[in-house]
Every structure is written in structure tokens, then in C-alpha cells.
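Heads up, the chain below is alone and in the form predicted on its own; it's given as C-alpha cells.
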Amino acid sequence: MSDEQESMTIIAFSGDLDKLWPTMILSSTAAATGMNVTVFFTFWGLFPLVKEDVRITGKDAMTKMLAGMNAPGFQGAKLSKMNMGGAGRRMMRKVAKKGNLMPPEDLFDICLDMGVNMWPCQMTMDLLGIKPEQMRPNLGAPVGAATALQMMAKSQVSLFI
């Protein structure tokens, strides 16, 4: 058995509420048990890291339209199934609150406080025209897929959510 700290890497490719919750629950739980945790946010998973007050990102009409279809931040995250024009999201949040489950945005802040590495994907930022100043504070520096893969290769647990 090695004396090295155990680690977990999550590739967060979805910004859907029902995928953000497990990402944040697993990240905070792993960090609480002493694991070194890294979450690499790529493609649609990057939009929750955009500041809530930044409505449109993008560098041209196409990327601005894509941003318009993906709400920034955690609050507007929809369900991947049964969203029903936002009613599903509201219902899920109400059920979670009643069940004493913290919202993913609060879990995200706890993860940051516990030292979880939150890495935005540089390629996705470039592709979709998302600028660093449009992102939430206290994130890690944007990295590429090679860096995320190197971290995954060292991790005892690697997940794709």
C-alpha cells in the first residue's frame, strides 16, 4: 500500500442539474475523506462555471446562440429528462430542499473551500468564446485534455459525468 494521497478525477461534460448534483456530492464527499479531487469541466459542463450575471458569452452569432441555449451558473441548470419547460427543475430543487440535500451551487462552494481543483477546459472556452473574466472566481487555471488525462492516469477513481 502506498503512502500517496488517494485521488479522484471527474470529467464533468454536462451542465444538467441531475448530473451537477452527483458531481458535487461525490467531489465534496471524496474531499471530506481526504482524497485529492479534481473536476475537469468541458463542453456543456463548462456553463455552470460562467458567472450567473453573464447572460451571453461567445465570439460570433453561432456561439452566442449556443450560450443563449445554456443558462450560465448553477441556478438555471435544467434536468436532462423531464425538465418540462423548467417545472422539472423547480420540482427537483423543492424535493431536494425538503430532503435536506444542499443545492449543487452550495456544494460547489464547499468543494472550493475544501480544496477541490475545479479546472475549466481551455479548448471549450476557446471554442465557445468564453473569457476567463466571465467565469466564477477561485477556479483553477484553464487546462487542456492532456492535463486532465494525466491527472486521471494517477487517480484511483476516474468518473465521466
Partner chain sequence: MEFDVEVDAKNQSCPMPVLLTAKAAKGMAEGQIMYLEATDAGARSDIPAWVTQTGNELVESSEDGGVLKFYIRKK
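Keep in mind it's a predicted model, so treat the numbers as computed, not measured. Residue numbers count along the first chain shown, from 1.
Beyond what is shown, the protein has a form predicted in complex with the partner chain; the following relates to that form.
- Contact between residue 65 and the partner chain in the predicted complex is not found at the 4.5 Å heavy atom cutoff.
- Residue contact with the partner chain in the predicted complex: residue 107 places a heavy atom within 4.5 Å of it.
- In the predicted complex, the partner chain stays beyond 4.5 Å of every heavy atom belonging to residue 124.
- Proximity of residue 102 to the partner chain in the predicted complex: non-hydrogen atoms within 4.5 Å are present.
- Listed residues 134, 28, 70, 117 were compared with the partner chain in the predicted complex; 28 is the one with a heavy atom within 4.5 Å.
- Residues of 31 to 67 placing a heavy atom within 4.5 Å of the partner chain in the predicted complex, in sequence order: 32, 33.
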